[in-house]
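Quick heads-up: it's one chain on its own, the form predicted on its own, in structure tokens.
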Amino acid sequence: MIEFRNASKSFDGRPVVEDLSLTIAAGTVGVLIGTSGAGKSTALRMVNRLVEPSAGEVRIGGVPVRAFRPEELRRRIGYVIQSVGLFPHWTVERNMATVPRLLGWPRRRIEARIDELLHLLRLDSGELRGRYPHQLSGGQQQRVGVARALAADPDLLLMDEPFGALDPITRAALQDELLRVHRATGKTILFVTHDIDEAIKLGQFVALLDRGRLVQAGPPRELLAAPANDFVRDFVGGEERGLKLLGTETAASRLRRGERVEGEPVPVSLSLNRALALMVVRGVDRLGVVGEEGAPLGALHLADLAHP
């Protein structure tokens, strides 16, 4: 669990984060979102003591982060940034082994952990272990960056706009990968972004900051359905909030079980906004829905997407 307790930070007398009180539950993907200069990256860096609060405190698992030496704390927390930060003259394998080596892990344990993470992040072990960062695509570099952050098996992963520089297709794929990794590991993740669609897709809990202050926090659906003020309403999409709300649910939530529909079916995990887009593209008012194993489950009707 991550707790901000009236945490504030000023630089040269200018407040960047003001009186932030916020709790991210253990095992949750929490997202800090806001415009440029909102203080979200500064708040994130308070967690691993790259930035020290001017007032208040940050706690991990109930323990103030100031109780840890900075270098000890950072070895216990995975950290991923937009520019990846891989060492250019080290191979993928050596980059991933950075923290385990600092912790004194034996060689065989390090090699086994690298194998495990390469598999988890869907990176070809035989092909990539000996490559250097410049020989990788942007998406591969980010995957290696995530793998390196997870190498020492930290309970907490901090991610500061890690996918912001990638093209939309690669970015969407890595978002899916992150969700899959989270399901597989149960790590607590604190993620910074300025993209509301990314926040809705990834976050179980979203905190919106404006000029250093917390404006509203809660599950994505709560911010979309009941924005606290005009700033929140505009930030989360204004009149398009309805479509984004559909993105917080899947076909499973509006399924008419047992009904059969002609045409190519969609998976039960498909988001409702994507289902609506498919209906428009196909010119139909219903879609067949199948389970994860491909067995027919029922149908999704256009009319059922219009009610809460």
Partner chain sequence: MSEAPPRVRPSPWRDPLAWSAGLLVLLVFGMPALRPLFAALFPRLERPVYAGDAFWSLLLAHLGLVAASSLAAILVGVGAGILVTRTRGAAFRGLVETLAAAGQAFPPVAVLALCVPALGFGAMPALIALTLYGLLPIVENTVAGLEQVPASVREAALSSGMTAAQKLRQAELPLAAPVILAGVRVSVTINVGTAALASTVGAKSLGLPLIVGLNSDNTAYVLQGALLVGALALTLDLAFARLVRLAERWRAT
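Predicted model only: the values in this text are computed from it and were never measured. Numbering follows the first chain given and starts at 1.
Quick note: we don't show the form predicted together with the partner chain, though the next part is all about it.
Proximity to the partner chain in the predicted complex, taken as heavy atoms within 4.5 Å, picks out 96-104 from the listed stretches 96-104, 185-193, 111-119, 222-230. Of the heavy atoms in R143, none are within 4.5 Å of the partner chain in the predicted complex.
For the chain shown alone, N48 is a contact residue for the partner chain in the predicted complex, at least one non-hydrogen atom being within 4.5 angstroms. The partner chain is not shown here, but in the predicted complex it comes within 4.5 Å of a heavy atom of Y79. None of the heavy atoms of R211 is located within 4.5 Å of the partner chain in the predicted complex. For the candidate set D234, D124, D153, E71, a heavy atom within 4.5 Å of the partner chain in the predicted complex is found for exactly one residue, namely E71. Residues R75, L86 and H89 are all found to lie within 4.5 Å of the partner chain in the predicted complex, as judged by heavy atom distances.
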